[in-house]
Ligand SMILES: C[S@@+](CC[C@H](N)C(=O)[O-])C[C@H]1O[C@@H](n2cnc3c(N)ncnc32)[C@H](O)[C@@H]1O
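Next comes just one chain, in structure tokens: the form predicted on its own.
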Amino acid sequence: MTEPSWLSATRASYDALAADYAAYAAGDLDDRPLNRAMLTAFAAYVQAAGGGRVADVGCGTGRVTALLHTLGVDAFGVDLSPAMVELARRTYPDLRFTEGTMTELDLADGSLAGLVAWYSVIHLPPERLPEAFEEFHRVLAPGGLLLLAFQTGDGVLHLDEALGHEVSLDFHRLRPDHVAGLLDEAGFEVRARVLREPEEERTPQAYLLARGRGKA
């Protein structure tokens, strides 16, 4: 089966960016307290529900995976880009990172207590979001926690160059209400929606915390 062009382009772009992106994004969890607060709250919810494994899907350099680990969560990372996975493994040798795609996770049904997609669903074509959310619901145990972060708005930002590298990356802006509706259809109950105004970004940022409903 031929791989979709958007998937190949995203993988190749982040392979090219990996080393420079690590330096670019190194302090983003330190400089933005609300980012840390959302991840801290997510970790607390997972622990209050009894703990368990948590996947950081679209983990990139592994910085979110590492933060979750310091918060007491049994976290591991999954990323499309082999170069990003290798970088994360070198940076955090005590943590586990694997290659994978969010629409076809190599995980058993109901095997996770939580899943984080931190600015990773933005690279999916909008029509593939329901597929990804259904996959998230499949791998989460009943009542499992999901945390999404994404840029809000409409349309797509396309980049042909980033950090001095030739790339082909699409950043899809998403409306929180629309995403919440898709999550509901996939079997989630949205428990919190947080909207942050732009700081250095071009658009407002959204965080959605959801819990999977029970499965038949």
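It should be emphasised that the depicted structure is a prediction, and the values quoted were computed from it without experimental measurement. So that there is no doubt, residue numbering starts at 1 and follows the sequence shown.
Not on display, but discussed next: the form predicted in complex with this ligand.
Original post:
Does each of T152, Q205 and L208 have at least one heavy atom within 4.5 Å of this ligand in the model of the complex?
Top reply: None of them does, since no heavy atom lies within 4.5 Å of the partner.
Original post:
Considering A55, L147, V46, V64, which brings a non-hydrogen atom within 4.5 Å of this ligand in the model of the complex?
Top reply: If I apply the 4.5 Å criterion carefully, the residue I get is V64.
**OP:** Counting non-hydrogen atoms within 4.5 angstroms of this ligand in the model of the complex, say which of V139, L124, L95, L71 makes the cut.
**Re:** When this ligand is considered in the model of the complex, the option within 4.5 Å is L124.
Original post:
Might F133 be said to contact this ligand in the model of the complex, defining contact as any heavy atom within 4.5 Å?
Top reply: F133 lies outside the contact set for this ligand.
Subject >> Contact label in the model of the complex: A88 to this ligand, heavy atom within 4.5 Å >> reply: No, A88 stays farther than 4.5 Å from this ligand in the model of the complex.
Subject >> Heavy atom of F76 within 4.5 Å of this ligand in the model of the complex >> reply: F76: no contact with this ligand in the model of the complex.
Original post:
Taking 4.5 angstroms as the cut-off for heavy atoms, does L112 touch this ligand in the model of the complex?
Top reply: Close contact is absent here: in the model of the complex, L112 is far from this ligand, nothing within 4.5 Å, heavy atoms only.
Original post:
Though the partner is not shown here, which residues of 18-34 have a heavy atom within 4.5 Å of this ligand in the model of the complex?
Top reply: Going through 18-34 in order - heavy atoms within 4.5 Å of this ligand in the model of the complex - there is one hit, Y21.
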